[in-house]
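The chain below stands alone and is given in structure tokens; this is the form predicted alone.
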Amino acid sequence: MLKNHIGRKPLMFPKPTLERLKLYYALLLTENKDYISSDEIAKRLKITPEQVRKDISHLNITGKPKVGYHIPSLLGELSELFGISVTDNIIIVGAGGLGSALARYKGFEKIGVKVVAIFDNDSEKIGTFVGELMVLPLSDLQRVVKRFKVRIAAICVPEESAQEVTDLLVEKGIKAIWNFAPAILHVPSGILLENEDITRGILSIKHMLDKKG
């Protein structure tokens, strides 16, 4: 379920539809023209035009015959759907290679996300800088979460620390966990959890390559 930010009712989407809508948004960001057809979207993403039209029919927008969808309007609908027009502050726990790379990622600005702090428990990292952000101790978590009204935290810590960090984040008021740690996390009901499993991803790729021969 997704809520937009102008008072409409929550929208319900099947997960595959939601994932394709994310792809449409990323594709449209690269376009410098005013209109795009369902055929063109389908060709670029290797799906059917019928599927594209069915997915977009969930939104408050219609295409023009022989012209297609108005890209700024479609981007606007998708931006509302994903809450991109509202900036969400995010914190990162783990100032190693992955966490530091995530903190430096410039693409967050395009999707309504701002990294406001990065944390670590390594005394050698605390006080150093990742881009413009000083690495903070975990003892500063509550202050930062409260001051910046943070709801989202990315976890980039070793497997053995991930659950403990998750529990601490939830205790301090975080509502959504973006997990990059190679660990199966347990969160209370009502807390959102999104796993980015790098190991599973590369194993899937290796498996598919082996099947192709």
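Numbering starts at 1 and follows the sequence shown. Treat the numbers as computed from the prediction; the structure is a model and nothing was measured.
A second form of this protein, the form predicted in complex with another copy of the chain, is not displayed here; the remarks below concern that form.
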Would you check whether another copy of the chain, in the predicted bound form, lies within 4.5 angstroms of a non-hydrogen atom from each of E50, P65 and L75?
no
Of these, 65 to 73, 147 to 155, 52 to 60, 161 to 169, which stretch puts a heavy atom within 4.5 angstroms of another copy of the chain in the predicted bound form?
147 to 155
Heavy atoms within 4.5 Å of another copy of the chain in the predicted bound form: does W178 have any?
yes
Residue contact check: V113 to another copy of the chain in the predicted bound form, 4.5 Å heavy atom
yes
Is the gap between L138 and another copy of the chain in the predicted bound form 4.5 Å or less for some heavy atom pair?
no
How about Y105: is it within 4.5 Å of another copy of the chain in the predicted bound form, going by heavy atoms?
yes
At a 4.5 angstroms cut-off on non-hydrogen atoms, which residues of 179 to 205 are near another copy of the chain in the predicted bound form? List them in order.
F180, P182, I184, H186, V187, G190, L192, E194, E196, D197, I198, T199, R200, G201, I202, L203, S204, I205
